[in-house]
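The same protein chain appears twice below, in two forms, each given on its own as structure tokens and labelled structure 1 and structure 2.
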Structure 1
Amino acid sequence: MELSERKLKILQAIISDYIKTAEPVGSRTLSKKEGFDYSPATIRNEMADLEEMGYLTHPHTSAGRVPSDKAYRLYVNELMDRPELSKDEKAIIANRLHETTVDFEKTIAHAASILSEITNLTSFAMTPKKTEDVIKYINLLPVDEDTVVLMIVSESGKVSNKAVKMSVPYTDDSLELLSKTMTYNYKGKTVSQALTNNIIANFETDVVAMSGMAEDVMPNFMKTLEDMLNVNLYMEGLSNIFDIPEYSDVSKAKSFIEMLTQKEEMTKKLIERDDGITVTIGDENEDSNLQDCSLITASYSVDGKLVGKIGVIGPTRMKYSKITSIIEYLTENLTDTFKLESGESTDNDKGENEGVNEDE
């Protein structure tokens, strides 16, 4: 059977209606709609066809029609329009994003909370995998008689540090020598290379004079590198999932929240997803816990290289077009921010923010 013009029109109407109201759509309701000159009966016939084709379902005989996941897929791919955000909307997002500029992690977390607030959905934001981040510079700084700070700076601008208790006395000179030697050995290596390549062995024998110091520093160095690889996941608006009717059952809600708050699992799932804007609808999700929801993710990049993800999770009947636009704009903005990195915000999009009020 073909998807005639009229069928498409009806399908689209059902989808928009259902997204708005969350109620199954009946033939009568539809026929009374603006621009529908067909009788309920005609529409019923078409709906029966659409159901046969797999685009609609029937919760039970005496209920209206509900779009299937296949219908949403069609809608996302072909039917929906993708209106650009208004200037005001953009301004709101940009302004809110630039509220905090303390550090990278905070900005990412903040982005998640903005996204959740605007969309009224559960949102998350993941910091980039830093496996490919390149070590630029290692430094050891005296603090106490028996404490030094180990500092690692990477190409992406991330600065990691760790206080190290020294079991042997040190001099400023020996500390500097060790810093230089370490920088010499590790500069230009990626974090993961530094961790796997067992450079340490050679290294230690090289500089016997200060092997005592190295013994204190190296384990902390490795730990700090490991720490740099950690991906952080921020999540906001968790309670919004209760608006998904499927989760009005407490035990389902519980297992769903359990899944979402399992950070490691979630992080893995998100990393696996394609870069760019990706929409997964209902049973397109592999995880059975997610098959009542849709997931929209997008990737932002730091310094044009490292890739992090940000997205939302919500009912399959979500406002795909609007939300996709929001996420798209948000990630563009993030990528922008992290290109110029802390260069005191070259007010890229900040523009006209007089009297913009944040009603949702």
Structure 2
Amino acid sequence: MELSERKLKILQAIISDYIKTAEPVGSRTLSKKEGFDYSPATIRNEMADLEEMGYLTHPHTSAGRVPSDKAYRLYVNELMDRPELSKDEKAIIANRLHETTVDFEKTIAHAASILSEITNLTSFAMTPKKTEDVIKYINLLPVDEDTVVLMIVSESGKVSNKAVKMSVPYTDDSLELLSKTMTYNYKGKTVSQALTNNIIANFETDVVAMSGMAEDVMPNFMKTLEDMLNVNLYMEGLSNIFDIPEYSDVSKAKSFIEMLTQKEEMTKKLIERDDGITVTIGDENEDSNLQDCSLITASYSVDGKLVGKIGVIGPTRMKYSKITSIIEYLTENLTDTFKLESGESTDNDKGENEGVNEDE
């Protein structure tokens, strides 16, 4: 079954209405919309087809339909228009952002606050250390029959150690082999790059004991890397969740907040996301705690290098088109702000300043 032009029009209308109202959308409501020349019966038939195709779901308590994660993905990829922000909206973002530019960390935290205020969602911003460790080699040293020391040495000479309890027997030879395997996979990588490559997922060996050793060592290795990374994660607008219908249940809202306050886990999830503007919807999020949510993130640069991420998290029913436009403009200004601090000027800044002057 194909998505005809009529089906797409009906689906887009359902998504738009549901994003605005949080109420299931019925055929009679759609038939009254301007530009809809379809009878309620025709719309019901098309909605039934869309449900069969996986684009709509049918809440038991309502005759209306709501979009599925699959529908939101189609909307983000093909149906939504990315609106141009108005001059006033751009001026507000640019002026607010330039209120605090004396310190890198404060500027990023301020950007997260601005994003939360504008979107009415929970926002976050992640800043890494200005210089990041590069792994030189990894060593595993025996302590006693069930303990080894994991040693990570960086190019800068920094050494991080962690004692690891082993659940399987090991020999000096097996420790050396695992050390060499890990060094081969991680040498030359930055800490954040290493965090996105857990070799246990494709660790292949015919020696059962080696597999067991890897299962003991790798979680401790990843945790040590997180400690080495030492990023700062700023979150704003956690209380905004109580204003969203999907979280009217206090226990659900509390679970959402508890999930976000586990900053180590949240930081790791953000590190693993792709650069640029990235949207993940519902079940696309691997973490089961995030499968009722959507995340929109974007990268920002300092001195031409991608160094951090900023974004929002909220229900799958969010204003994707508007929010992506806001995040894109905010990150552009964030990047330009650090260019200005280093004495550079940009055409974008010149254009925005002219636009603000006209409004004045």
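Rigid core here is just the name for the largest C-alpha set that superposes within 1.5 Å across the two forms. Just so we're on the same page, residue numbers count up from 1 along structure 1's sequence. Everything numeric here is computed off the predicted structure, so don't read it as measured data.
Each of the two structures shows the same chain on its own, and it is structure 2 that derives from the form predicted on its own. Core-superposed comparison between structures 1 and 2: the Cα of residue 221 travels 2 Å or more. Core-superposed comparison between structures 1 and 2: the C-alpha position of residue 89 differs by less than 2 Å. Put the two forms on the same core and the Cα of residue 238 is off by less than 2 Å between structures 1 and 2. Look at residue 61: with the core superposed, its C-alpha moves 6.9 Å between structures 1 and 2. Taking the core as the reference frame, the CA atom of residue 138 shifts 27.1 angstrom between structures 1 and 2.
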